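Below sits a lone chain in structure tokens, taken as the form predicted alone.
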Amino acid sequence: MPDLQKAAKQAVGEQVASMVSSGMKLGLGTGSTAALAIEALGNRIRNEGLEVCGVPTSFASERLALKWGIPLTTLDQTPVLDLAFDGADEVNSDFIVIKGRGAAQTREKIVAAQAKRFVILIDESKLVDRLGTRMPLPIEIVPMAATPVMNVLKALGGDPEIRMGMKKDGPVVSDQGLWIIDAMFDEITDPEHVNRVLLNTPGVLDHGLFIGMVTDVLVGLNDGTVRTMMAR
């Protein structure tokens, strides 16, 4: 990761950690930016005696939380969260987000839906004018539905392919034991329509479009400062 980009991610991680107060129930995101926020939160627990607990969105964030001393809970025990934070692959001007490069978008969406406040942590490169043009939309599927789902994505204007493992043979397997299809688009002009079609397609568990969920976007700048954007 370039030094300037890492500084930007570090800045938003520390900023969201500063928004947390004792007694809060948190959603702990997945990915490189969320990892820095988890570390910053752990430092506050160690240095200030901050008392919080968190619901992890993946096995990876669970292990990081344990490493940094963040007590864990579940949505069974804590169904309402005060704040959830996570990174994103793209954010447009309507605060619609594409997530899922870490294959954790389904759990991330479940946790975000239970949070009163959902804070997205990004650097400037993730802000886009045209949704879906830089990063693919991830769709989590039952393996036997791969071809039918890919045909649906093609009809929607996407160019789908099964995500393959980098250090293993075969497809990437999610924490749910399912496969991920990545679909590139020239542009997702009607995300609500894409959302409805995919969720009504048998074999689709969920996808990486987050619509109407984001409350805050923290944008890390190359000079180490943070710009705050409020969705509602």
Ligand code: 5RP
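Numbering starts at 1 and follows the sequence shown. Treat the numbers as computed from the prediction; the structure is a model and nothing was measured.
The form predicted together with this ligand exists for this protein as well; it is not shown, and the discussion that follows is about that form.
Chemist: For this ligand, considered in the predicted complex: do all three of Lys25, Gly27 and Lys67 come within 4.5 Å of it, counting heavy atoms only?
Modeler: No: no residue has a heavy atom within 4.5 Å of the partner.
Chemist: Ser61 near this ligand in the predicted complex, any heavy atom under 4.5 Å?
Modeler: Taking the distances in the predicted complex, the answer for Ser61 is no, it never comes within 4.5 Å of this ligand.
Chemist: With the partner left out here, check for me: in the predicted complex, does some heavy atom of Lys109 sit within 4.5 Å of this ligand?
Modeler: Lys109 lies outside the contact set for this ligand.
Chemist: My question is simply whether Gly87 lines the interface with this ligand in the predicted complex - judged by any non-hydrogen atom within 4.5 Å.
Modeler: Heavy-atom contact with this ligand at 4.5 Å: present for Gly87.
Chemist: Contact with this ligand in the predicted complex for Ser32, defined as at least one heavy atom pair within 4.5 Å: yes or no?
Modeler: Taking the distances in the predicted complex, the answer for Ser32 is yes, it comes within 4.5 Å of this ligand.
Chemist: Quick one: which of 93-101, 70-78, 109-117, 150-158 gets within 4.5 Å of this ligand in the predicted complex, going by heavy atoms?
Modeler: This holds for exactly one stretch, 93-101.
Chemist: Going through 185-207 from first to last, which residues have a non-hydrogen atom within 4.5 Å of this ligand in the predicted complex?
Modeler: Residues within 4.5 Å: none.
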